[in-house]
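Only one chain is shown below, in structure tokens, and it's the form predicted alone.
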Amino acid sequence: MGMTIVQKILARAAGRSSVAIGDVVEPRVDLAMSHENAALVINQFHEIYKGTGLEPHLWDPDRIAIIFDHRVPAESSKTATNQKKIRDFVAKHGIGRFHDLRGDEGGICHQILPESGYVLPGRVVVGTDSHTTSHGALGAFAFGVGATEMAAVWALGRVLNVEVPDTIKVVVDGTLPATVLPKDLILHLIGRISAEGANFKVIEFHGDTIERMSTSGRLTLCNMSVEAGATSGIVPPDAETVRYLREEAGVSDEVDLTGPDAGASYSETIEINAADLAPQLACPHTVDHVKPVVDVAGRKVDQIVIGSCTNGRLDDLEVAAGIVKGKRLAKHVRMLVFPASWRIYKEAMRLGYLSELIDAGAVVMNPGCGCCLGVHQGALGDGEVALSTTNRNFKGRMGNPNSEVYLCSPAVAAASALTGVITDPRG
């Protein structure tokens, strides 16, 4: 029987010719990523060596990446102290793939990894962040792990006891209508199968819609696959993958375009006609509480958020800027814009997207996760409603359990910012 792409990746990483669904393997890791929670990993890493008399030793500093993004600039003395701890550890152990709060190399971890060429097809990528699933957009098997698991990876270079997951095949054909974006597609899928519909499975994306989709759009799909419970999302690598790696990530290495076998077995196949899709919303307080925008249109909003690891890339900012160009935001609305990296920030500035957004009344923030995790840079007040291009809307997600968060595409966010109420961007 043939293998899925993740089976092939795990077989290679485990040094086996093949693996079956349910097998338990210990795959070699090609890239291990953490952000500020590396402070927790450092603690667990030192615990491994306690009482051994051995000096703590990283398996391969060149395969570890650490990016500050969740709390930048530091919002408290505790965060600042943890960041100092990480900087000291990075310097001591010679970790070169370190991205601090800097205008020449910083940004959100799930943007920095692909744009820096750190992620390649056919590789195993782990991160101490659930949205590490994003990197399946480049044909890698990418998934989140805890701090203790990551500490073991730092020491051994392997992930212990990984069960080979089953895979759901999602086939998307047809052309997305105007102002219907990849975010609408993934929200539709999550609403269709539920927040637990892909538990312990991989979502493998296929179809002519996906083949035509940019890497940015694919990152959106894979980023939010975890919101359906998936271990990872993945797009088999193709010509677009090669284009992105060569032209945008500066990768000159050979690119592995291995895909799934024709006879691969899937737990189920889901077919979606892209032409039938409309703009979608995930309503409070779960990501699978999905409705067409037209069903919720008219709901007053207080804060609009455009950005995050899900929708803070250049094409997202282009869409939003195009909608608000020459117009003004509704008087009562605040709009916060978080570009996903400083590279994107500078290119959006050069192209005039940031000027259009600012002239409309938006506030452009430094690249980072911002208010997505509810720690700083845009917490909500009691009774307020946010419309956001981020990836989660759990109760209290933006810092206040007495507020509401709706999730949407950049097109819906920008159109609604002009009217002050949830608005269908199709007019």
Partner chain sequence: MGTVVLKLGNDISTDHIYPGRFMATVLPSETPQFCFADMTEFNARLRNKAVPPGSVIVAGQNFGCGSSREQAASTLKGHDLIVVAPGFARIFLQNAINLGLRTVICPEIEASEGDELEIGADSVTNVTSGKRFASQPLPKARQAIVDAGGLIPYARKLVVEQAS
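Residue numbers count along the first chain shown, from 1. This structure is a prediction, so every number in the text was calculated from the model and none was measured.
There is another form of this protein, the form predicted in complex with the partner chain, and it is not shown here; the text below is about that form.
Residues placing heavy atoms within 4.5 Å of the partner chain in the predicted bound form fall in a single listed stretch, namely 142-150, out of 170-178, 142-150, 95-103, 209-217.
Residue contact check for K78: one or more of its heavy atoms lie within 4.5 Å of the partner chain in the predicted bound form.
Contact check for L373: a heavy atom falls within 4.5 Å of the partner chain in the predicted bound form.
The closest non-hydrogen atom of N82 lies within 4.5 Å of the partner chain in the predicted bound form.
Using a 4.5 angstroms limit between non-hydrogen atoms, V364 is distant from the partner chain in the predicted bound form.
With the partner omitted here, the residue from L351, L257, V294, L156 that has a non-hydrogen atom within 4.5 angstroms of the partner chain in the predicted bound form is L156. Though the partner chain is absent from this view, in the predicted bound form it lies within 4.5 Å of a heavy atom of just one residue from T128, Q303, Q280, Q111, which is T128. With respect to the partner chain in the predicted bound form, the three residues G22, N43 and I48 uniformly fall within 4.5 angstroms at the level of their nearest heavy atom. Counting a residue when any of its non-hydrogen atoms is within 4.5 Å of the partner chain in the predicted bound form, the hits in 379-411 run R392, F394, K395, R397, G399, P401.
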